[in-house]
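Here we start with a single chain on its own, the form predicted on its own, put down as structure tokens.
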């Protein structure tokens, strides 16, 4: 059966279409005024000095690591319960990812586990604000200071989230954002690095554009770099989306609250918390934990039979075939236990009450069948 209720969907209005069309009527399709304005607006929104827009959240992570001098012989502590880019980019920088356990409530890195993972070669921590829930930044920032480690925030899933009143992305040495179509706001493909240090921002811009300094001739290159530029069309789209961010986040919170009500009373089903102390959640996905002993694949098959998409968020990185092939023997019992039960339900800005009611009813039936 074809999918009637998708897992995610972008929220594009006539304002975004008009902004993109306006760029097409100009002669500047790259490295133009839309890029400069988008960077300025992102920095202002997050309360940081600068933002450097790039082609993806993955590119943002890669450049953040290189800018901080992470390379061969270094280790970087990362969660395994995350999108694979957090580990891939560490390898691409020449370093080695070290996986640490997560907190069972927030699903973010557990500071105590991070401290246990710190060794003589540790140079940095990548803190992912998983599913838009801010991590325990007080403790993690203190660990980074204590052990003289660089701290990168992966806020790709958390634009607009706050910890102790400060926006996610404003704590680390550098922070990254992602704007893939399943995110709270989108540029199609795209990402950004938030920087408080002007020297970091300058190097990020140089690396983004084939190692070329901003004031250099087009064929003069200060160092080897990359083509991680983002087109003016995408930046124009992002600017409109950012202006709408409060509306987009409010819609997603309302959808999360509806699911919380609709899924009440399903025995053994764990719903994500709607509120957590000192945190303002930016709802990226709505992920439940299935009852113990329920076959997730059967649940997903039943949902699919009803035209409803679902997702395994996240399959632990250290258990992926690509990582097993590297000979790793990590055992993260909490990560593995939680990951076996997680299921992402259809969740996007304009999901309707009727769609959510249908999803909830189908999930009840699917769980009953799979027990």
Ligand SMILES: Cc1ncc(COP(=O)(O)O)c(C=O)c1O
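Predicted model only: the values in this text are computed from it and were never measured. Positions refer to the first chain, counted from 1.
Keep in mind the form predicted together with this ligand is missing from the figure; the text below concerns it.
Enquirer: Looking at 332 to 340, 52 to 60, 39 to 47, 66 to 74, which stretch has residues with any non-hydrogen atom within 4.5 Å of this ligand in the model of the complex?
Expert: Looking at the other structure, the answer is 52 to 60.
Enquirer: Could you tell me which one of 299, 128, 161, 236 places a heavy atom within 4.5 Å of this ligand in the model of the complex?
Expert: When this ligand is considered in the model of the complex, the option within 4.5 Å is 128.
Enquirer: Would you kindly say which of 255, 204, 86, 287 lies with a heavy atom within 4.5 Å of this ligand in the model of the complex?
Expert: Comparing distances to this ligand in the model of the complex, the residue within 4.5 Å is 86.
Enquirer: Is the gap between residue 156 and this ligand in the model of the complex 4.5 Å or less for some heavy atom pair?
Expert: Judged by the heavy-atom cut-off of 4.5 Å, residue 156 is in contact with this ligand in the model of the complex.
Enquirer: Check residue 183 for me: does it contact this ligand in the model of the complex (non-hydrogen atoms, 4.5 angstroms)?
Expert: Result yes; residue 183 sits at the interface with this ligand in the model of the complex.
Enquirer: Would residue 190 show up as a contact with this ligand in the model of the complex if we use heavy atoms at 4.5 Å?
Expert: Residue 190: contacts this ligand in the model of the complex.
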